[in-house]
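One chain comes next, on its own, written out as structure tokens in the form predicted alone.
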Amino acid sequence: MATFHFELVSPEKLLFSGEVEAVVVPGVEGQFTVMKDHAPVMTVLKAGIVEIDEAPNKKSRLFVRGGFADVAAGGLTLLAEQATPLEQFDSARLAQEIKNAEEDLADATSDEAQKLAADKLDQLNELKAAVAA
């Protein structure tokens, strides 16, 4: 299968740079898969799982929390607000974060605070499902 260049960058570090066969990206308008010679596009990332197919039997999964995706002739670049490999998540810590987010949602008094708390809870539940998969 044909490959293309992919980079995943977070504020802390360069998490991935190399040739890949495909990358599944969580865009705000839906998940999409980038392969070699994909049409140019720039979009906002939503919180979700990035799946990297480096080779037929080598796949990586990372959780990203927001950012931007840029598909160009030179390949794909993801600029993530936060990115963490799924294997680095602690299920007890994640359960506590979900509990805290549920309490924040229950305590929210304004519409904006409720939306922010609900979004955070949705992101954490998506992460929990991805870690379990």
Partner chain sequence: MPSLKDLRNRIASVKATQKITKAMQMVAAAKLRRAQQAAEAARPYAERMDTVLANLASGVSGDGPALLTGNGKSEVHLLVVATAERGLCGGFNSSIVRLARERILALQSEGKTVKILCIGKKGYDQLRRQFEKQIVDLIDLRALRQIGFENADPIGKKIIAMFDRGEFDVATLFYSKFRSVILQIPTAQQLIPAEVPAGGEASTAAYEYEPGQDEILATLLPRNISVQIFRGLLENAASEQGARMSAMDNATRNAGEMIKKQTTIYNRSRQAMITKELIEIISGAEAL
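Positions refer to the first chain, counted from 1. Please read all numbers here as calculations on a predicted model, not as lab measurements. C-alpha atoms forming the largest set that superposes within 1.5 Å between two forms make up the rigid core.
The discussion below concerns the form predicted together with the partner chain, not included here.
- Contact with the partner chain in the predicted bound form holds for none of G48, A95 and D122, as no heavy atom of theirs lies within 4.5 Å.
- Among heavy atoms of E87, none comes within 4.5 Å of the partner chain in the predicted bound form.
- In the predicted bound form, E19 stays away from the partner chain, with no heavy atom inside 4.5 Å.
- Shown alone here, A113 lies farther than 4.5 Å from the partner chain in the predicted bound form, counting heavy atoms only.
- Among heavy atoms of A72, some come within 4.5 Å of the partner chain in the predicted bound form.
- Annotation for 71 to 86: interface residues with the partner chain in the predicted bound form are V71, A72, T77, L79, A80, E81 [heavy atom within 4.5 Å].
- Superposition of the core reveals a Cα shift of 2 Å or more for Q123 between this form and the one not shown.
- E112 is among the residues whose C-alpha shifts by 2 Å or more between this form and the one not shown once the rigid core is aligned.
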